[in-house]
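First structure 1, then structure 2: two forms of the same chain, each alone, as structure tokens.
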Structure 1
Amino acid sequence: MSVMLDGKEGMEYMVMGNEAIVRGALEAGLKVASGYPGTPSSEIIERLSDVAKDAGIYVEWSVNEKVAAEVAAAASFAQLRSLASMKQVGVNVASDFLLHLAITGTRGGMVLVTCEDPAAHSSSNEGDSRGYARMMEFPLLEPGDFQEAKDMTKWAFEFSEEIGNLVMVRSVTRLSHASGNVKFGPLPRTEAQAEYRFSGAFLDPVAGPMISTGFGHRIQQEKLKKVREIFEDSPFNTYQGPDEPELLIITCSVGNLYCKEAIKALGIEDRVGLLKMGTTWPLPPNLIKKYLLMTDEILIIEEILPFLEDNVKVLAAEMVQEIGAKKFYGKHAGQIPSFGELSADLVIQSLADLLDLGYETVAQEYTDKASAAAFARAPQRELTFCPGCPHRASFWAIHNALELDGRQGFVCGDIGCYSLAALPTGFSTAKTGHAMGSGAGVASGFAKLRQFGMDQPVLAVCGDSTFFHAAIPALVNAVHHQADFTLIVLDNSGTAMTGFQSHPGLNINAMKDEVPALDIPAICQAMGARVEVRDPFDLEETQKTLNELMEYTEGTKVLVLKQACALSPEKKRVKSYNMQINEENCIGQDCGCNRLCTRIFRCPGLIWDEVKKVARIDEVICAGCGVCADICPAGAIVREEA
């Protein structure tokens, strides 16, 4: 049973923001959905793929975000409603296509859902994609709560059809990955016939070919004009507060929830007005004017970039003769930070400062005491590879191979669980880290610096999903230019970081159909790279191979380290080995290793017993991969087939 499909009209369910978006899309009669996994967006395509067959829709995990946008656009061109979903960094990847799509326009309603990560909880940056809506000139909607996430998504499809252009719906972590009550609407039962019409005139928006040209820009401007008019009366823009507030707050997205909470906490319902904008680009000028006329003091509250703030200020400048001079507070004036995410606390603080109110919920003495207790009694938890993670073994071998090589070799990293290779859990081996596939591209660049005297061995890592997403072009470039480096593909059989979404290396797709799997070593071989495949759990062979590859200087080399993720469906809670410590053999600090297993290898499945002075296996945590048995010089860690 899936509440997404079986949830009844008129009933309230507690769902995640991402699920609210899914339900909205289903209520709109969505037919095609595509995306590339990335936190906090992944559940959108996941939930849609769960119901794909029952709902009669097509869902795929595309190889990357640009392709996802293209796949969804094709459906729209054939008059079906479609959705592409991605996280903020994915929009950068898709942007190349989206800029052209904004020019050709769309036919069936097409929605781009971006889920962004203020504070970069699970991202390598906290990029704000809203600028793309302005730059590419398509409308932007930002839901302000869970109910709106559903309702707005549903409407976005109709709206896209009305204006013939892509519509962006932007969520953030605290909406996508938060849950709340949502009242469901009806699910339509529609039959759809896909047909791409291309025989009309060249610029005919409904019957001509979809080809991006410079001429389209004028048409796009007309569409934007229409969008502004529609937004003037949008029910997604709401106002709460007195007719003549001392201070007007303008906010969007989850800022709405924090502002409501802050106003209540401070008891200033009669003093402050709250204008929540759901249609944030382009802003409807008359609506903004109406509220700016209410007061001269305005505080703009939003996450990451001052996007709403800047756009409101442009409108205020244009209408200054009608509305007079205004005092703006927000990111530029320093009341709201320009980085990180918002919280009710931050908004309470800003409002308390601006309105000169005191606010303290807990005595400072208590907070000081509790903070001191946390410092003394709650040891920090740094991020680590999971117990049984093949990456710990891979980086152990890589680290040791580099040490043995002794020429200051280094690893160029990229995005995935293995980004942790920059931290002690990966023995601090990764020394660069940027976008998906950038390890391979940056390494190929370093490798061409030999003529300038660079003699350090260069390694790069990428995961299996990343290999298909963005490493392939970098590898093509490297092989063609004979760049001397080794790309290590950390193949753990899934897009593990985001929850095992399928990718082209697997023989299953998003809808659980059997599909052809692409063979990574064969692809690399066909490109002309020297290719080796090893099991990273075989530490000795892996290290030996790496040392050989670092010695080999004729062109690009690929080492595929293949071992499934410890959390993969086939491995989760299945132990290959039962691990034990032979306490007589473990001589701990007296051993020459000075307890290498817990001090350096640091698998959370191993614990140091302070009393007995021996290593211990934590049976609750140990995943039974057996690798630590090969670490111990005293042979005290024993593995037994499970």
Structure 2
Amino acid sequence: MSVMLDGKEGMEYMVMGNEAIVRGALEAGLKVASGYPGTPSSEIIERLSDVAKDAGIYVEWSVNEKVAAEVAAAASFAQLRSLASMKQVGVNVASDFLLHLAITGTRGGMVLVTCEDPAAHSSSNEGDSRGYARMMEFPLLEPGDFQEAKDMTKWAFEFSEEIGNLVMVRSVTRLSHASGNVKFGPLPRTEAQAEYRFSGAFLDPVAGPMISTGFGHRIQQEKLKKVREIFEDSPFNTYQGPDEPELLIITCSVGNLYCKEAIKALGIEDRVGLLKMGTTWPLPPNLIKKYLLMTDEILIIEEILPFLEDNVKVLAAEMVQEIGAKKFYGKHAGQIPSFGELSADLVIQSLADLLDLGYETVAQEYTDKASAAAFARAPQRELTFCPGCPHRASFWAIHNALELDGRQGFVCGDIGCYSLAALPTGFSTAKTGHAMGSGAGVASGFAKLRQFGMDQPVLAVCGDSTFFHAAIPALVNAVHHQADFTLIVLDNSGTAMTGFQSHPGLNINAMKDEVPALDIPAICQAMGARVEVRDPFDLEETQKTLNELMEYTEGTKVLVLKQACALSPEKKRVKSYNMQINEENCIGQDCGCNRLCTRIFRCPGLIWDEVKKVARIDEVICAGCGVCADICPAGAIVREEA
């Protein structure tokens, strides 16, 4: 059993921020949860799916974030408490539905949890989704520590029901993935009965149909007014410090932890005040005024965009006759960067500069020495596909097929492990890369430029999870408009990049139930595309098929390259082949492009022996896929059945 269910009321447990959010949802009586995987949010649905059957809740990995929001909304409409979870870029996908949901409102408490990735550690961008709360006019909460992550999530469901609208809870990487002590509360023992009432008047929030219309905007504005009033007395907004500080810090989220550490490190508890905001949209004006009156100098600390800073400044401008002119420090004035993660050192340095403390967090000389040492002594490592990854074989065949074709063909890329195709380790094959599914959409656009003289072959790639997430509409569009390009579906049997979460192409769901799997080739054939299926480890056949498809110009083609990820549970530590090097046959630097296997193919399982001047197999990490035997022109790499 999991501590998420077994954890006792009143006891403290060390849990991740995402687990604190899960416990808060369970304490609130959550019944339905949905999401799409993506770091740093994935653990929320994973932990909930672990306990789903014991807790009597329904949990799913939805096909994309918009559908996840729709699934959770349906539960809310039927008076159940629900949660939708996603990372920051997923909110962009969900935003179309969320904009309408903000108008119709909700019934059972519904919480949108977004986990964001400042510094883009595991993302293609570090987007800040807080702007959606302002644009869509629903309340935004930002927990400032692990206990608040639990308590605030629980309260968010009650609050959602009180105002009849979606509530957004925003976490960030250092809260979602770090751990801290959290005191657990009681778990409810309630039976839920779902019922969707729709026979009332059109705008009846309890018994009418849930249909988004412009008439709802006035109601939405009234809800927002009520939210401001509730936020004025929220216990999630706290102040620590003197009554008349020299400097007032206003912060939110993990900025709260960094500020506390900085104030303690500098010993300035009697000089600065710390206003931690948990309710960051809409801001409660009277509370903000109360603290702005304390001093004339304000430093605002938050990650990524100046969301809190801008909103505080708007209120300050509106109140200027009551509070007087203030001097603000933060992102606009340059004390806090507008990109990347914050740290305690950054906050300490900003406070030391503003208060003229003559304090240096880390001497520049030390930083320079550390950087030089890291560059000189750390082993050179490059971003690359894992040993045995089918994507390396796929892009080897794709690259060689394009070279053989000779018409400057190119690949439109996508988001996933296969984004590495843009780098030398992917043979620099991908030439565009944007959102999930956009490779197919952009490629279909290129393919309609034939009438303007473009005769270059156009290819696109997407993963199997991405195929269901966002590539299907692009493929529908391409087939309908007879776009001449080839979509290559890199089917490695799972959402591999984020931890093998289930998707509609698999016969298992998030709760480990057996479910029908959707057949990708059959779907593509039903659309009217020409479809081929190959094993990417068969390099010769894959390349031959690609060249044939590039010659075929009558509409949209799909090549499904199906081979399970080397790290998937069914393949991990299971070798198809034992690999060896015949040193007598290895011609080393005289081979192809000067060590073809270790310099060009770059599988980490192949090592160049500087002493013997031959390739070697790294037995520790070689996955035994056997593909390298096919790329060796000298026949020096030998495979034997494992």
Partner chain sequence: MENGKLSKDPYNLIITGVGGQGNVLASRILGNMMVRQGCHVTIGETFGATQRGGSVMSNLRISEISAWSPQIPKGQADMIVALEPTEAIRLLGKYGHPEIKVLTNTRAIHSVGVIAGELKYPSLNEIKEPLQELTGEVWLVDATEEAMKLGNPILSNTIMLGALAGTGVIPMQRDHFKEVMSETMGQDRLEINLKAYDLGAELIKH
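The first residue in the sequence of structure 1 is number 1, and each one after it adds one. It should be emphasised that the depicted structure is a prediction, and the values quoted were computed from it without experimental measurement. Each form is matched to the other, and the largest set of C-alpha atoms that superpose within 1.5 Å is called the rigid core.
The second of the two standalone chains is derived from the form predicted on its own. Core-superposed comparison between structures 1 and 2: the CA of residue 591 exceeds or equals a 2 Å shift.
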